[in-house]
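One chain follows as structure tokens, the form predicted on its own.
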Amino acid sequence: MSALQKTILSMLLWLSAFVTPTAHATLEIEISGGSAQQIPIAVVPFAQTGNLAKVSDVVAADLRRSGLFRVLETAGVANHPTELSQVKYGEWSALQAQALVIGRVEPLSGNRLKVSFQLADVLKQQQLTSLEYNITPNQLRMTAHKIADAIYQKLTGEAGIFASRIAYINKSKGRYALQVADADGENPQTVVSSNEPIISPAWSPDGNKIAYVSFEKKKPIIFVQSLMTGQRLTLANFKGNNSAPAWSPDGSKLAIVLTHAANSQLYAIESDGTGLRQLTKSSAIDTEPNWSPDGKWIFFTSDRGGRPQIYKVSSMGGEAQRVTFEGVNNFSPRFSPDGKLLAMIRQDDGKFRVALQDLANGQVQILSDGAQDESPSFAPNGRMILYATRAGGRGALAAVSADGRVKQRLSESGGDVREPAWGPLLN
């Protein structure tokens, strides 16, 4: 058995060993660390009535979770404005706030709500941005995430990712489920479930579909499922194993791994399941493809050098080139959205940890501190990396910033989770 086969087998054994008592899917978030220069911001409780999600609480939690903001306690301030005309800037300046968020939630006819907010610069005493949303009550949390995104982008110049979604595999009571949740772990929805393993979820670039591998027919088959309609396409059911789907940047095709002709090799296939084309031809095991953002390259894991390392091949196929040279084993390559960084899992001293390689200079930084970390996935703005780890004897999700300063633990209550994938930004 090759080193790569042993590595994959160990991860599959980890999956099969999961035992969980419940199917509760809420993710609990713990945060450690932060940016060296956090922006002090005050999020005033929004004016709202009824038993609804507190918009300001969600906004504050999102900003705090990014590690770039120091969310200030506002309970000690007597004046809680809901309009800029009511703001007494001296009070917020005394609190050392540089930015101030105020807003309200108002009922409209037809069981709808108007959510409005304003972001102010405390030092300059002027408005930075404001928005209004006409929504249904079940859109309240997502609207709060969009408000946090607007604040984040205005104050940092980068796109926010709070309104994006994550996918992951949850195993409970011997049953597997592919679930999709908000980026903070709330509102989990089951896309598909089975008594047989489900692995390798992969988002389409538009966020409307997920490709995954299911063993429901006693062999690995790749499916593509619409999140809007639930319609499911059998993408690859060739002889042997069908695995590791990865979307091209334009969503027109996928890279997949097949064993139908020999050992595991990379292929490209159109998103409708036609036009199969072989990309690699070797006597090694080639697996875990990932497209470069420009669509020119596919990075993958191979043991063609004797141990698992990361290689790249033209998206048209051809000769492979080795990418990683440090570390005992490297696998699971994942590109940052700008194509400058490569996240991976590095095995050294018996530990599997998330590493980040600068593709320009080759420098590598170890980001996680677990012993069984796996499946790194970049946030759509490239700021954070989501991954799976082990905590308290069960699977958990965690995240780390690309600079290593901010660490999060997203532990599912009563469940074992793994193989996370961070979805794209939604329009």
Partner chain sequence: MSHGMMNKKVIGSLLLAVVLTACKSTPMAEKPASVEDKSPATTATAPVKSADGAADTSSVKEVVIDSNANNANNPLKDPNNILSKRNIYFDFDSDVVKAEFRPLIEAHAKYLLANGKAKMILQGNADERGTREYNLALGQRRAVSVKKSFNLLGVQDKQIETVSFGEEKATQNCADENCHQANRRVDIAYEND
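For clarity, every value in this text was computed on a predicted model and none was experimentally measured. Numbering follows the first chain given and starts at 1.
One more form of this protein, predicted in complex with its partner chain, exists but is not displayed; see below.
Original post:
Would its partner chain be touched by all three of Arg307, Asn329 and Ala371 in the model of the complex, meaning a heavy atom each within 4.5 Å?
Top reply: Spot residues vs its partner chain: full contact, yes.
Original post:
For Phe325, is any heavy atom within 4.5 Å of its partner chain in the model of the complex, or not?
Top reply: Close contact is absent here: in the model of the complex, Phe325 is far from its partner chain, nothing within 4.5 Å, heavy atoms only.
Original post:
Is Asn195 a contact residue for its partner chain in the model of the complex, using a 4.5 Å heavy atom cut-off?
Top reply: Asn195: yes, in contact with its partner chain in the model of the complex.
Original post:
Is Gly275 close enough to touch its partner chain in the model of the complex, meaning at least one heavy atom pair within 4.5 Å?
Top reply: No - in the model of the complex, heavy atoms of Gly275 and its partner chain never come within 4.5 Å of each other.
Original post:
Heavy atom to heavy atom, is Gly240 within 4.5 Å of its partner chain in the model of the complex?
Top reply: Answer yes; at least one heavy atom of Gly240 falls within 4.5 Å of its partner chain in the model of the complex.
Original post:
For the chain shown here without its partner, which stretch in 312 to 320, 184 to 192, 291 to 299, 73 to 81 has non-hydrogen atoms within 4.5 angstroms of its partner chain in the model of the complex?
Top reply: Flagged stretch: 184 to 192.
Subject >> Sole residue of Gln357, Ser204, Thr259, Ser336 within 4.5 Å of its partner chain in the model of the complex, by heavy atom >> reply: It is Thr259 that has a heavy atom within 4.5 Å of the partner.
Original post:
Counting only heavy atoms, which residues in 98 to 118 are within 4.5 Å of its partner chain in the model of the complex?
Top reply: Sequence-ordered list: Gln98, Ala99, Arg112.
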